[in-house]
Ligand SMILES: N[C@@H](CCOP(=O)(O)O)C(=O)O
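Shown below, as C-alpha cells, is a lone chain in the form predicted alone; questions about how it binds or moves come after it.
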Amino acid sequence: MRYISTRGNAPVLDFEGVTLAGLAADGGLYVPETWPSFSRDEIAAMQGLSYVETAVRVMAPFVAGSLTEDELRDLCTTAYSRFAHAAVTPLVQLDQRHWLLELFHGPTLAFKDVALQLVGLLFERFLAGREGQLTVIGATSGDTGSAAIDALAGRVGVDIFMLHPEGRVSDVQRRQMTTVIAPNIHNIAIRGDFDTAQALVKAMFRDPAFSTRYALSAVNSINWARLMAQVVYYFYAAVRLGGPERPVAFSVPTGNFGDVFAGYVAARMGLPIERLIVATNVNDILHRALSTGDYSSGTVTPTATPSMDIQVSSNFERLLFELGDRSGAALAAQMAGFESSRAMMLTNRQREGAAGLFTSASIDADGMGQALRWAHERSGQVIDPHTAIGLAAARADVGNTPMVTLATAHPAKFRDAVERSTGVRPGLPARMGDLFSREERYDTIDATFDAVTDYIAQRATPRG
C-alpha cells in the first residue's frame, strides 16, 4: 500500500513511512493511494470474529508491504490485551433503535486508546534497529495526550512532547497526562486554546530548520496509522447489528473530524453505513460547513465538552480531498486560502458529495444535559458529556435504521458535568483510583512558536 499527501507535493510513502512521518512534508495529510474494498461476503464473514481478528481483516490491506498478517495479529493481540472488556468495544442497547458503542475500556478510559495502544507498538517495531531518536509532538484537547503518553511511556527510541491548553482540560484528563513520570515524557501546558496548540504542532512540522533538525512524528489523528485503527470498530459494530444485510447509522461526537472520517473510510471500503451524523457542541464549524458550506473559524467557546472545543478540524482536509476529485493542487490552494483568512466556502461539489453520507447537528448545553438525563433515567446508563452530544444528535434523527452513538469517554473523566445533570458522581475504575494522590509534573509556557521550539530543543535529541 502506498500513501499520498492531500496537498499533492510530498513523497509517496509506504505504511511504515507514513506512521513515522505523521504529517506530510507539504503540510498535507496522508491517505491511501487507492481505497481497498470488501465484498458483502467478506464483510459477512466478519460476523462472530473477535475484535483482534476483525482488526486484522480490516487493517491488513493498509499495512501490506510493511507488516505480514501474523505480525499485525501479534501487535493487535498485545495492544488490546490491556482493555478491561473482553469485547474491547462492546455495544450496549438503550432502546429499540439506539445503541452505544463503548470505546472507553482502554487504559486511559477514552476512545483514543483503541488506536494509540497499537500506534505505540508500531512506533517501537518500526524504530527497532534504527539509529537516532524519534521526537513525537502532539496537541491534545484532553484525551489524545493521556492515551499517547500511556502508549509511549518508557518506550525505547521515542521522546514525546504533548501540548495541552492550560485550564481547558478536566482535572482527570490533566492528571492522566501529568502523573506519568517517565524520562521520555514531556507535558507542556500552553497559555492558549487547543486550536493554538494544534497550529503550533503543524508549524513545527512545516518549519524546515526545526523539522530537519529532529526526526519528527505525530500522534494526533493527522497520523494515518491512528485513523486506520479507528476504522475497525465501525465494522465490528455493524456486523453485530446485522451488517452487511442491514445498514447502520452512526452518530459521532466530533471535534477534529478524525473519528467520523474513520466511518467514511469504512463506508468507502464497502460497509453499508446509511448515515454518519457529525455531532458538535456550540463550537460548530463542522456543522456550519456541512449544512451551509461555511468553513470559517471563530472564537472557541469553553464548554463542558472540552475535547470538542475546536474551531479548526484538521481531518476535515482529508474529506475535502476525497470530495474534490483527489486534486492535491486544488486542495493546497483552498487550504492556503483558509490558513491565511481563517475562512473558506466549500465548493458545490464538496457540499453535494458530503451530503450523500453526512448530516450534522450542533448541540448546546441544554441539549447535552437532556441527553445525559435521558440515558440515565430511561436506560440506566451514565454517559459522559461528549457522548451525550452524540446521543442528542442521534435522538433527533428520524428513521428506523439502527443508530449507534460512539461513547467516546468514561463518565468519570467529566464527573462534575455528569453530576450537575444527573445527580450521579461517577467514580474512577479501581485501576486508577489513586489518580488524585499521584505526583504531577508539567511545565507551563507561552503559546508561541519560539517558546515551544526552545523548550523542545533543550530536551529533544537531534538527528545523528
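If you're wondering where the values come from, they're calculated on a predicted model, not measured in any experiment. Note that residue numbering begins at 1 and tracks the sequence as displayed.
Not on display, but discussed next: the form predicted together with the named molecule.
> In the predicted complex, does S307 have a heavy atom within 4.5 Å of the named molecule?
Yes, S307 sits close enough to the named molecule in the predicted complex that at least one of its heavy atoms falls within 4.5 Å.
> Decide whether G390 counts as a contact residue for the named molecule in the predicted complex under a heavy atom distance cut-off of 4.5 Å.
Although the named molecule is absent here, G390 would stay clear of it in the predicted complex, with no heavy atoms inside 4.5 Å.
> Even though the named molecule is not shown here, does H186 get within 4.5 Å of it in the predicted complex, heavy atoms only?
Contact with the named molecule, no.
> Under a 4.5 Å heavy atom criterion, is F194 part of the interface with the named molecule in the predicted complex?
Judged by the heavy-atom cut-off of 4.5 Å, F194 is in contact with the named molecule in the predicted complex.
> Which of these stretches, 205 to 213, 133 to 141, 347 to 355, 91 to 99, has heavy atoms within 4.5 Å of the named molecule in the predicted complex?
Stretch 133 to 141 is the one.
> Tell me, out of S217, N281, Q176, S221, which residue has a non-hydrogen atom within 4.5 angstroms of the named molecule in the predicted complex.
Of S217, N281, Q176, S221, the residue with a heavy atom within 4.5 Å of the named molecule in the predicted complex is S221.
> Hey, which residues along 226 to 242 are within 4.5 angstroms of the named molecule in the predicted complex, non-hydrogen atoms only?
Residue within 4.5 Å: R226, and no other.
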